[in-house]
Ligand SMILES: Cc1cc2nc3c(=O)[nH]c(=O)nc-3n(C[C@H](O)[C@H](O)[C@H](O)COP(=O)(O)OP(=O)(O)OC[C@H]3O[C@@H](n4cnc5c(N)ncnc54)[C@H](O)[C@@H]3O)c2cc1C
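Single chain ahead, written as structure tokens, the form predicted on its own.
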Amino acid sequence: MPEVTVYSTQNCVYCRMAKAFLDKAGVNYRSVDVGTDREAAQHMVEISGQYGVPVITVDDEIIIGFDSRKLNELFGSETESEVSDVIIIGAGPAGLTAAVYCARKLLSTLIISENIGGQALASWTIENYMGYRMISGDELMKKFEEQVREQNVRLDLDRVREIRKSGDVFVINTVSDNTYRGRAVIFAQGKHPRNLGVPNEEKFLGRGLSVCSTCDGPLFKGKVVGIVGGGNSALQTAIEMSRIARQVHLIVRSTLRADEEYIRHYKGITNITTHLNHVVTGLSGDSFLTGVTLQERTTGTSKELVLDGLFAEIGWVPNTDFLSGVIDMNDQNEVIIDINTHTSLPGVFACGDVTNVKSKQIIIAAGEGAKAALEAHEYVLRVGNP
């Protein structure tokens, strides 16, 4: 067996997923917490050029992030060819809830997802989910996951590349060249972070630019960081990073759009400097990010800001790139559903933030997941007993 090391932080769900994959594949590995071990963190940066986790070394090979395709190439096995009653794509609040309801209806259920937890994992704290006065997104999703693991549900870590229908069965192909078949499908794959849209963005991703503050935040202890955005996620990240970093710069395109509770809390923090009506127009640095260029939107004047890290919190984009031409979507590339989670294609249902449902909240996504499962159950019974 190769020598495998996983460099991770405690709150990084992608790190946990990488370890879960290796555990499932029976791979022995050494786990190194670079959130607490500064020397190990520096070593990780030196060998990988990354200020983001996870970083996995397999002998002399370095894998950046939770690369499900690469891990499947190295340690995966071929999928079985049986037909599932329901295939759920995505394992956030909507997908995990749908899985529990499907399993309780005795449907053979498969989840395909790159991670467990979805967008909820980006939440440092959640204060509006019933039953919990306050809980982190990671902790809440762990509870969802635990409940799913108690059911007869199969979960494969992969990313869907395409879906098509063959007779009465839906055929799904993944980036790892696996093929799955199901009688019904539930889309619950949520959204991914929106790009800044500036030059050199790809170059600095993982090298000072991050889209996961809960994962990478501990690596910037005592440093100067910037947060881009003015909504709830941006303010929550600024508040949490103010406890980790030496100085936080909050870069807001126009004005703050966060809930009053977040604004009240943020206003009392002395190491946050706010740049209202500014946009990031450039990223600078050699191997790592060292600063950004800000432009004032009214006057057009620019200024340079020296930073060690930058966190983008400017919104989310639906994970629907593989659905073009398959089902109806709106102008925001969200899946269009009716009140009962039906899409334009019979046998395909959708729930959570990937849909055109207006409100994007964890509790709403979970409720929609339950509805989708019940509708899928009814569909499978009808198809099986015409």
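Quick caveat, the model's predicted, so the values are computed rather than measured. All residue numbers are counted from 1 along the displayed sequence.
Below, we turn to the form predicted together with this ligand, even though it does not appear here.
Peer 1: Does any part of Ala98 reach within 4.5 Å of this ligand in the predicted bound form? Heavy atoms only, please.
Peer 2: The answer is no: Ala98 has no heavy atom within 4.5 Å of this ligand.
Peer 1: Using a 4.5 angstroms cut-off on non-hydrogen atoms, would Ser123 count as touching this ligand in the predicted bound form?
Peer 2: Although this ligand is absent here, Ser123 would touch it in the predicted bound form, with heavy atoms inside 4.5 Å.
Peer 1: I'd like to check something about Glu114: if you look in the predicted bound form, is any of its heavy atoms closer than or equal to 4.5 Å to a heavy atom of this ligand?
Peer 2: Contact with this ligand, yes.
Peer 1: Can you check whether Arg38 is within 4.5 Å of this ligand in the predicted bound form, heavy atom basis?
Peer 2: Although this ligand is absent here, Arg38 would stay clear of it in the predicted bound form, with no heavy atoms inside 4.5 Å.
Peer 1: Which listed residue (Asn340, Gln361, Asn330, Gln42) meets the criterion of a heavy atom within 4.5 Å of this ligand in the predicted bound form?
Peer 2: Contact with this ligand in the predicted bound form is made by Gln361 alone.
Peer 1: With this ligand left out of view, which of His275, Lys191, Lys142, Arg207 would have a heavy atom within 4.5 Å of it in the predicted bound form?
Peer 2: Only one listed residue qualifies here, and that residue is Lys191.
Peer 1: Pick from 19 to 27, 5 to 13, 361 to 369, 374 to 382: which stretch has non-hydrogen atoms within 4.5 Å of this ligand in the predicted bound form?
Peer 2: Among the candidates, contact is made by 361 to 369.
Peer 1: Does this ligand come within 4.5 Å of a heavy atom in each of Gly90, Asp158 and Trp316 in the predicted bound form?
Peer 2: The answer is yes: all three residues contact the partner (heavy atom, 4.5 Å cut-off).
Peer 1: What residues in 33 to 50 sit within 4.5 Å of this ligand in the predicted bound form, counting heavy atoms only?
Peer 2: Not one residue comes within 4.5 Å of the partner.
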